[in-house]
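In the block that follows, a single chain appears as structure tokens, in the form predicted on its own.
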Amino acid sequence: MSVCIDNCEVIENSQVAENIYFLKTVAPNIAREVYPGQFCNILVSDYGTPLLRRPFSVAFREKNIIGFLYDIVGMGTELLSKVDVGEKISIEGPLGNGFNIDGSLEVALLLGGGIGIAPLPFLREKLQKRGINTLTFWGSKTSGKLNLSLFDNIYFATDDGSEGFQGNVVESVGNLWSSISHANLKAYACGPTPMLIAAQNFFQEKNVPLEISVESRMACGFGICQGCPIKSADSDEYKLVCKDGPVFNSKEVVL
């Protein structure tokens, strides 16, 4: 799989929830290669500030178009939200390793915590094209951070109870566990570290395989800077989120 840098035309950059934006660009070379769970590094400014590219999971792909969901959390994403339709931005990718879809898989549970939902629409599309039944769970502090039209067949969880189940996203899965088919079942999760730890514990207890997409600051995207280490579960060595991940078997790493 080749990595390239495309100068990509922006065709959409719209707000879809509180501080959350959806960016779509024409990126034929990346779109041809990218797989669910991989990410791209985007140069958010041509003026050298901020200097480093920012990593974003690929949320959408259709023909020669790719899309990203992002939350405004700092200078980089604030600048990105100001990019207008018709402008071009430099995108590097695809980077990292994506999700694995087992050949015998029948049911997939997708868990997103906050903007951790970003890689899951692309994964969900791939799963459904293979005829795999998918159930999506999305958790957030409040309903304002949720896009209620992003998915169908989705279960919401909010800390304040303003939408769906009151509690976190892992608890919402547990609430419906008895109604979920457990035959050839696998779970996929992306979100903040406390959520991923909760998912690790829950699915390990249920003896259900789980893949996690780890969030980390990734400066280079290739493993050269060694800036995104994560401890291996079976040795004293460390893996790199950008190079060995961002997707891992949940039993491989210590969060």
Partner chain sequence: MSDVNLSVKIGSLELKNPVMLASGTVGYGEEISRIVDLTQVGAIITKSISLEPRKGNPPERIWETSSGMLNAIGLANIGLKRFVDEKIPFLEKINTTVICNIAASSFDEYAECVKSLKDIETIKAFEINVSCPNVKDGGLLFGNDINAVREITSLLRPITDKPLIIKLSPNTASIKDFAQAVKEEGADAVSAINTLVGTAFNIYTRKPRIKNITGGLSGPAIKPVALAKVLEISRDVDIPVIGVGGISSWEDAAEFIIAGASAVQIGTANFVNPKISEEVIEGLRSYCTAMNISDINDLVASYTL
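Positions refer to the first chain, counted from 1. Because the structure is predicted, anything quoted here is derived from the model rather than measured.
Heads up, the form predicted in complex with its partner chain isn't pictured, but that's what we're talking about next.
When contacts are judged by a 4.5 Å heavy atom cut-off, residue 229 counts as touching its partner chain in the predicted complex. Mapping the unseen interface onto this chain, residue 206 falls outside it, with no heavy atom inside 4.5 Å of its partner chain in the predicted complex. Although the partner is absent from this view, residue 218 contacts its partner chain in the predicted complex, with a non-hydrogen atom inside 4.5 angstroms. When its partner chain is considered in the predicted complex, residue 243 lines it closely, a heavy atom lying within 4.5 Å. Only one segment in the set 182-190, 22-30, 57-65, 221-229 has residues whose heavy atoms sit within 4.5 Å of its partner chain in the predicted complex; it is 221-229.
Contact with its partner chain in the predicted complex, judged by any heavy atom within 4.5 Å, is made by just one of 52, 210, 198, 34: 52. With contact defined as any non-hydrogen atom lying within 4.5 angstroms of its partner chain in the predicted complex, 92 is the only contacting residue in 89-113.
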